[in-house]
Each structure stands twice: as structure tokens, then as C-alpha cells.
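Only one chain is included here, represented as C-alpha cells and corresponding to the form predicted alone.
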């Protein structure tokens, strides 16, 4: 193989995370030759530094918390977690940061893997530079799909580089428990990692610039999670910004805008994400390097008949499951267009339009308690111009809640469109609610009328009986 070898494919996928894998799976299933380009590990951010390792860290934490709420069991689980065993469990689920299995899967579907940095060098053309400097030029007859995802944003603080702060990658891959950890941010990464490391033995301080945690959810979600973190021993400070940070003799020293000085062993900045598009050659096709890539509902970049942007990189919904959903849509759309069949004629399921990105995006935050939501919050629905009403009930009103845990605490809200009598959004907060959210997703995505939901009978005695309580509250008030 020479340095300048040119290889033609039907489809070239830039990025081998879950999104890129799913695009390749769909295009290969349609009989299109497909190349996948990856500069790091096949399996991507989710498999090695995000969803999988974070949930492996959190599962023992949540299981212990649940057990401590069960009579006859709580006395047996009062001791500390075995941090070494938890970290080993996490390492197992990341395959110790080796991607052999994921690479074999790509091979099994017939996709060609090209390792190295992929960069657009013109329309339908990707040049791959390997670690040894060798180069290959890949051309695409039908489509190039950009699936490069995002990386962490760090604030512009003097001397931050010398501090060597944690980002989400460090927080999910650390091999030892820091004695003291400062977490800067109030979103999903911040709350999940604060939950995990506090339970594993760190003394955690959370610094939130805004009024509360999880500000993209209903306000009560962040309030309940903050209460639980505080009860667990974390120090949660809202309305607080970092003015400066430094390392002094190995210790992180944080000074806040409130004049407080906080010392820690490590500091995690969970302060946002940016698209990994800065060095993928967007300038060679007239686009802005480092920008989010807008797309239509088939995930194609407007103004192009060959460029697709799928997953986090298009900024529609920065969630792995939404990215994989988009990938299925994009793969089907690419295949349909390659066959010359109009999308509407070959699309009986609406499988070429990512409509869920607009009105039915589900998310679970794996804190203790869990927070799960789909669709619009009350504030978002009102801002969108809907005439809506929020219906709130305590999760403890479900017969199964008390059986699940003594002193079960949580809240549920459904946002009802009063004109159409359908749900615009649903939020659950409480232990175990992550497994409830798909029922809400079906109700929101399917625009199921409230009158029909009344006949979807929840099993007794389960936490899902909260649906009955919500519907009763709507009917009776």
C-alpha cells in the first residue's frame, strides 16, 4: 500500500463511535460499500469515556443507596463501597480501553476500518493520515457522514493548563479515588460524577454558577438531586463562579467569586461541550472549522447533496441514544437516495426523518435519585406558545413506591397541551425512574390522547402507578 493510494467507496463515515457504527451498519445492510475512519478507539466517547464507564461507576452507588432504604437489608450495607472493585468493574466494561472487539464487529458487517486522522480535502473526499505518516485518500460516490461528536470545553482561566484539570474523560477513567474533588458545573456530567466520587470516598464540593442543578429540566429535578448530594456529604454551592485556580505543592487551590478558598486533590470542569470539527477540513468545502453542522431531518447538511452530520456534531440532542436514532435515519436516507427512490415512496415508517429530535427527546440522569424526562418542560412549552398545564404528584402516591423503598422521595410532572389534550412533556424524579421514562416517551412521541392514556392500566403494586395518580390529578382539577 502506497502513501497516496486512493480508494473509492459508496459511503465514507468520519468517526467510529456508536453513531458512526450505526450509520455504517445501515449503509452496509443496504449493500453500499462503506469505509469508517477513526483516530482513537472504535466505539468512541460513549464506550470508553462517557455513558458506559459512568454507568459502571454509578450502578454500585445506586444499588447501595436503594439497599439502604429496604428494611432487613439496610444494616448489611452500611459500610463503604469497595472502590477498587468498582473501578475494576468499570475497567471491565471499557475493555481496559482496548477496541479489538469493536473493530471485529465493524469487520463482521463488511465495513473497512481506516485508522488515523480523517480530514475532508474537497467534496466527497476524505484524506486519512495514519500515525506513521502514511496517507490514503478515500472518495465517496454517495455520501460522507461526519460523526465526530464533541469534546469538553474548559474555561479561559489563567494558569489552568498547569493545574491539569479533569474533564469528563478523566472523571470516568481515573484509577484512584481523590481524597477531595471540586466539581465545577451543574449539568449531567457534574451531578453524575459528584454522585459517583462522593460515594466512592471523595469529599466533593460542587460549584454551580447558576441558581441550581440540571437547569434544562424542571426545577424540582435539580432541587431534589442537590438535596440528596448534600445529605450524602457533598458541599453544593450555587451562584458561585471560579475566579482562579492553581496547584500549590500538588494541591489544587480554587478561589471563588464569593471570596472562598477551597483546597482539593483534583478539580473537574464539566462546563460544556463543543463540536469536534476544528480540524476535519470543513474549510475545503466552504464551511466554518469548529462549527456545529446544521442539518435537515434526514441529517443532510443544507446546500449539499452528499454531506451528512450525525449525532452530537449537529447540536440537535447531545445524547448517545438520539445520535444512534439519527444514525439509523441517516443510513436509511443515504441508502434510499443511492437507489434513486424518492424518500417518501420508500419510507412507510417515516424512517427518513428524525422527528423525535423536535418533540420527544428522552434523557435519564443517573444520580440518586434518578431524574428522567422526555419532551418539553413547562417553561419550554410555554415559550413555544402552547397553552399548557403542569400536573404534579409525589412519586410516593404510587402504591409501589413504598414497597420499593422506605421513605421513597420523588416527584412527577406531566405537561398537558390543553388544546390538543396530549402530553408535551413528562418528568420523573426518584429512585428507579429511569425505567419509567420509555412509557412517557411513547405517550409523547405517539401524541396519545389523555382520554386513551386513562385506559393504559398500570400494574399493581408498581411505581408506574404514578401514571394513574397523574391522570387523576388532571381529571379532578
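Residue numbers count along the first chain shown, from 1. Source: prediction; values computed, not measured.
There is another form of this protein, the form predicted in complex with a small molecule, and it is not shown here; the text below is about that form.
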| item | value |
| --- | --- |
| Contact of residue 187 with the small molecule in the model of the complex (heavy atom, 4.5 Å) | no |
| Exercise: residue 410 in contact with the small molecule in the model of the complex, heavy atom 4.5 Å | no |
| Contact label in the model of the complex: residue 23 to the small molecule, heavy atom within 4.5 Å | no |
| 4.5 Å heavy atom contact, residue 44 and the small molecule in the model of the complex | yes |
| Interface residue in the model of the complex among 332, 208, 280, 106, criterion: non-hydrogen atom within 4.5 angstroms of the small molecule | 280 |
| Single option in 240, 377, 202, 168 placed near the small molecule in the model of the complex, where near means a heavy atom within 4.5 Å | 168 |
| Candidate stretches 175-183, 312-320, 67-75, 251-259 - the one whose heavy atoms come within 4.5 Å of the small molecule in the model of the complex | 312-320 |
